[in-house]
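Only one chain is shown below, in structure tokens, and it's the form predicted alone.
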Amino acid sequence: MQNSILLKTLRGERTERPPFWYMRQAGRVLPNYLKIKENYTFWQMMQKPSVAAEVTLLPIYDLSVDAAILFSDILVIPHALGMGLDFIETGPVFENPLAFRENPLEGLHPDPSKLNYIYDVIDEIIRTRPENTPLIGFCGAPLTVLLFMLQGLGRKGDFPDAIRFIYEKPEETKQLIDIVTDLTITYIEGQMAHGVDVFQLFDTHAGLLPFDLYQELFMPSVKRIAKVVREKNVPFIFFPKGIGAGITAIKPEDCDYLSIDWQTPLEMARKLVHPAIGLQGNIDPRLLYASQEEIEKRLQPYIEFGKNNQNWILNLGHGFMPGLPYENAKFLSNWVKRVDWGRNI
């Protein structure tokens, strides 16, 4: 593992090119994933260690990425809290979303044993992964997880009922944040105990709240989580999508690397974010719908950025989108490895 280009970068060592991996790399665009999916539901794939490990490692072989990320879902925490959850074609659905309950705090009973199958998956990944392939563990941040718990969406949306709940019931919101955060930390500790090498916290919907409110209500939980991860000497990546200029408020004690969405140019982010924090990102995943000629043209500025910034992990500004051509994802991977990054090491 000492020769992993991702771990070298995270340790502050110089490398000849930036490491890369992609959010949502284990699925969607991979033909081999779609073949596996023909025989299992999403839940079944997650819960069967041999299948989940195979899916986790597919991008290593099919996209030549520099790291695997655990194949799982951010909503395993609500499920372990006792909420009825199902995955349908349009997305996750909760039986009885919290925002519509008379007493939202009733019926939430943390059961960490419901997460044990994920640790079995991690064990299988580590047993079967190729040499020098780090495993990235992850979970959803409290805001994003709570929005789903409150709204119960089976599709992407702006969570209007959840946001209304947060404003109308601030004290109950704080209690729910604590419940989610406590079990999340237990879950993260379990992932680290089973050997994940890096950890990423996904706050996909961080931008739905004004940053001052986000900072007041949710950053304390992010800081708690960061402390737990970093005390185990596991590198911590934080992805607060959509917070805009809020990235200026992220401090070195909050994360080792900050993942930048595609709305903020990397050069601007580098000026705004504390220099002790590395950056990850921020290619617009929708670019991969374009022709390969256009993709390569749009990637050119990243070469200069990568030349001047060793503490950068190349990634997307969010996950792979449905229907992206596999050939274009493969083209991007090959491009990272074939261009001259102009680094003197």
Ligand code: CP3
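These numbers come from a predicted model, not from an experiment. Numbering starts at 1 and follows the sequence shown.
Just so it is clear, the following notes concern the form predicted together with coproporphyrinogen III (CP3), a form of the same protein that is not shown.
Colleague: Which one of 218, 202, 165, 236 is close to coproporphyrinogen III (CP3) in the model of the complex, taking close to mean a heavy atom within 4.5 Å?
Modeller: When coproporphyrinogen III (CP3) is considered in the model of the complex, the option within 4.5 Å is 202.
Colleague: Note which of 185, 249, 75, 269 lies within 4.5 Å of coproporphyrinogen III (CP3) in the model of the complex, where distance is taken over heavy atoms; exactly one does.
Modeller: Checking each option against coproporphyrinogen III (CP3) in the model of the complex, the one that comes within 4.5 Å is 75.
Colleague: Looking in the model of the complex, is coproporphyrinogen III (CP3) within 4.5 angstroms of a heavy atom from every one of 118, 230 and 257?
Modeller: No, none of 118, 230 and 257 comes within 4.5 Å of coproporphyrinogen III (CP3) in the model of the complex.
Colleague: Go through 34-42, 304-312, 276-284, 289-297 and give me the stretch that gets within 4.5 Å of coproporphyrinogen III (CP3) in the model of the complex, heavy atoms only.
Modeller: Within 4.5 Å of the partner lies stretch 34-42.
Colleague: Is there a non-hydrogen atom of residue 49 within 4.5 angstroms of a non-hydrogen atom of coproporphyrinogen III (CP3) in the model of the complex?
Modeller: No, residue 49 is distant from the partner.
Colleague: Is there any non-hydrogen atom of residue 70 lying within 4.5 Å of coproporphyrinogen III (CP3) in the model of the complex?
Modeller: Contact with coproporphyrinogen III (CP3), yes.
Colleague: Decide whether residue 53 counts as a contact residue for coproporphyrinogen III (CP3) in the model of the complex under a heavy atom distance cut-off of 4.5 Å.
Modeller: It does not: once coproporphyrinogen III (CP3) is placed as it appears in the model of the complex, residue 53 has no heavy atom within 4.5 Å of it.
Colleague: Give a yes/no on whether residue 92 approaches coproporphyrinogen III (CP3) to within 4.5 Å in the model of the complex, heavy atoms considered.
Modeller: Yes.
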